[in-house]
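Presented below, as structure tokens, is a lone chain in the form predicted on its own.
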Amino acid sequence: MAKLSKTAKVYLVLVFAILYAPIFYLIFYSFNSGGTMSSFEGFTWEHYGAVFNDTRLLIILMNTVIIALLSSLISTAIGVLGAIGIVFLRNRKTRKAVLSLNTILIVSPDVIIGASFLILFTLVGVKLGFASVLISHIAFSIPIVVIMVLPKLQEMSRSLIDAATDLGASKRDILTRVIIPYIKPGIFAGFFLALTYSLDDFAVTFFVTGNGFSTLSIEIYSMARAGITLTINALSALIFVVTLGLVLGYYFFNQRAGQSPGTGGAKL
């Protein structure tokens, strides 16, 4: 068992090294004064300064963050209500059918989802831009939130709801004072995952964005096609650091939530 454990650890180290080596290589050369990724000539913040001095890039960054935050908030609200609705469906076959449809949306290729939205927006007459990107991001984030919230709902004992009902709590009180506090970790997990997916999405956004509106993923792709510059390295490094911060923030929040007493429900 000790040998197997040691082998497993070595394997994990190799896997993470392969995954993270290109990222750290990219970040390392973002500080290169030489302007290429062939040889490191000296340390500089020049490329990071170029990112923050580029007004167009800052506007695109703002667009990306606004889209990510709005889509995450809206999809979390809809996803939580949807998950609660699925759990409380009395017909077992209907519940399984809805869950299957939700899973299909998660595993469907982004290219198909993006092309479907493009056709839909063209038929309906929605102008491609901020609205089309926001709607698309909300749509593909909802199933993610549902999947993250469902386990907490299924874990919750029905006796909590029965006790609240016996004490005279209304349906609204049960939702806001019993169900929501109990599934809060699942809600935050769904929100952060939806936020990450929205920030990183390229395929769906590529189909539904229009002239005059862009997100960071689309802009980085356009910059890379024009030729690799170390400004892309600097921008990618900043995105990586922000994403890492979000993941660590979620981890520490979960740790604190797990240690805090009385998370099983709220007082009526």
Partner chain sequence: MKDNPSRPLYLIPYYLWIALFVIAPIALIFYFSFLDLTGAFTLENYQNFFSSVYLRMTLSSFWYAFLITLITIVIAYPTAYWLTKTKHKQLWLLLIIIPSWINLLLKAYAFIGIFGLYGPANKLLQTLGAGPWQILFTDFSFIFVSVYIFIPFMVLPIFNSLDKINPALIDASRDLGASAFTTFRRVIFPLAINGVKSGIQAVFIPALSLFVITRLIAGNKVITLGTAIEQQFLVTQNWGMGSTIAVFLILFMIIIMMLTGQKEKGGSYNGKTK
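All figures in this text were calculated on a predicted structure; none of them were measured in a lab. Positions refer to the first chain, counted from 1.
We do not show the form predicted in complex with its partner chain, though everything after this point is about it.
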- Message: Can you tell me if Leu167 lies within 4.5 angstroms of its partner chain in the predicted complex, counting non-hydrogen atoms only?
- Response: no
- Query: How about Thr44: is it within 4.5 Å of its partner chain in the predicted complex, going by heavy atoms?
  - Reply: no
- Message: Is it the case that Ile142, even though its partner is missing from this view, gets within 4.5 Å of its partner chain in the predicted complex, heavy atoms only?
- Response: yes
- Query: Can you check whether Ser38 is within 4.5 Å of its partner chain in the predicted complex, heavy atom basis?
  - Reply: yes
- Can you tell me which residues in 196 to 216 come within 4.5 angstroms of its partner chain in the predicted complex, by heavy atoms? Thr196, Leu199, Asp200, Phe202, Ala203, Phe206, Phe207
